[in-house]
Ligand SMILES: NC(=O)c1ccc[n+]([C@@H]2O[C@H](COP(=O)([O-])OP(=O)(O)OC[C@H]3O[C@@H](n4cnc5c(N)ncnc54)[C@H](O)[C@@H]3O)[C@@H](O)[C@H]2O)c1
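Only one chain is shown below, in structure tokens, and it's the form predicted alone.
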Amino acid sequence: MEIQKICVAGGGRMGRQIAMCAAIYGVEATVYDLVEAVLTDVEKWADEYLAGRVAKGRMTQEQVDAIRARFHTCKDLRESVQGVDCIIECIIEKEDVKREFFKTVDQFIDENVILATNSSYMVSSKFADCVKNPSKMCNMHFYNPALVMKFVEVVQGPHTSEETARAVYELCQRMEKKPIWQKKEIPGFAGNYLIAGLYERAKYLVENGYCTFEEVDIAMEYGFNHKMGPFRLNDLTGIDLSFTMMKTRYEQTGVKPDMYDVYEKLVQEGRLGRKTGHGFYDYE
């Protein structure tokens, strides 16, 4: 199966970039979002991004026109998924909201449409009971920013058919990504499982007064040649996303994660990272 037409549910930073990346590589892509203002912003962003490609000599106007013709937005879910081969869910990282989305969208599609979740840590088996054909469901986790980052995790759960995983994996390759194909599920997948140890150590050092978050970043950037330390990287991926995961873990275990109060305060103050201009660092 070759994926030729997709719907990306969620017009945030990640969703719009996934859709644009697909359109660049010849895939018809529609961004679905409930909020009209979000879709208006997506349209403006798409025009500005593509104009920038031309201005920098990265693309010709002819190429941009073809890409723009493949990139769409839509507020109606039923209309957004008509004729698609794959739906990529990029909505808020809350399990109950995702479950409701999959239950709803499953009513509008036939059983051959692939349903991929871009969740950062929730395995697709959590949603397998929400759809009529769970063999068509898998994880397809892009890294932020999706237009730039090459790494994508395709996770084949126990319910996922090999055909489904292969189709999603091959779509990633067509988009010139560097995907991995995980044959077993683990919360957070390979990338986050590996990096979790670093984040836990980093937060422990700050929480217990060994050093500041800036110093942790300096250690990783200048000592180990990381492009960004964990807190600078967290500003890029979103403080709110990290806090949501911390809060979920706190509720499940009863153990407050290191720096929980710091993250909660940042979220309350609207310091969500680069997308708001302020996070651990200031960007304005």
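Model, not experiment: these values are computed from the prediction. Residue numbers here begin at 1 and follow the sequence given. Under this definition, the rigid core comprises the largest set of C-alpha atoms superposing within 1.5 Å between the forms.
Another form exists, predicted in complex with the named molecule; not displayed. Remarks below refer to it.
- At a distance threshold of 4.5 angstroms between non-hydrogen atoms, I218 is out of contact with the named molecule in the model of the complex.
- K203 falls outside the set of residues with a heavy atom inside 4.5 Å of the named molecule in the model of the complex.
- For V27, no non-hydrogen atom is located within 4.5 Å of the named molecule in the model of the complex, even though that partner is not displayed.
- The closest non-hydrogen atom of S120 lies within 4.5 Å of the named molecule in the model of the complex.
- Contact with the named molecule in the model of the complex, judged by any heavy atom within 4.5 Å, is made by just one of K98, K126, H72, H159: K98.
- Of the residues V54, V35, A66, L236, just one reaches the named molecule in the model of the complex with a heavy atom at 4.5 Å or closer; this is V35.
- Residue heavy atoms within 4.5 Å of the named molecule in the model of the complex occur in exactly one stretch of 108 to 116, 135 to 143, 168 to 176, 79 to 87, and that stretch is 135 to 143.
- In the model of the complex, the residues of 5 to 20 lying within 4.5 Å of the named molecule by at least one heavy atom are, in order, G10, G11, G12, R13, M14, G15.
- Annotation for G57: C-alpha shift under 2 angstroms between this form and the one not shown, rigid core superposed.
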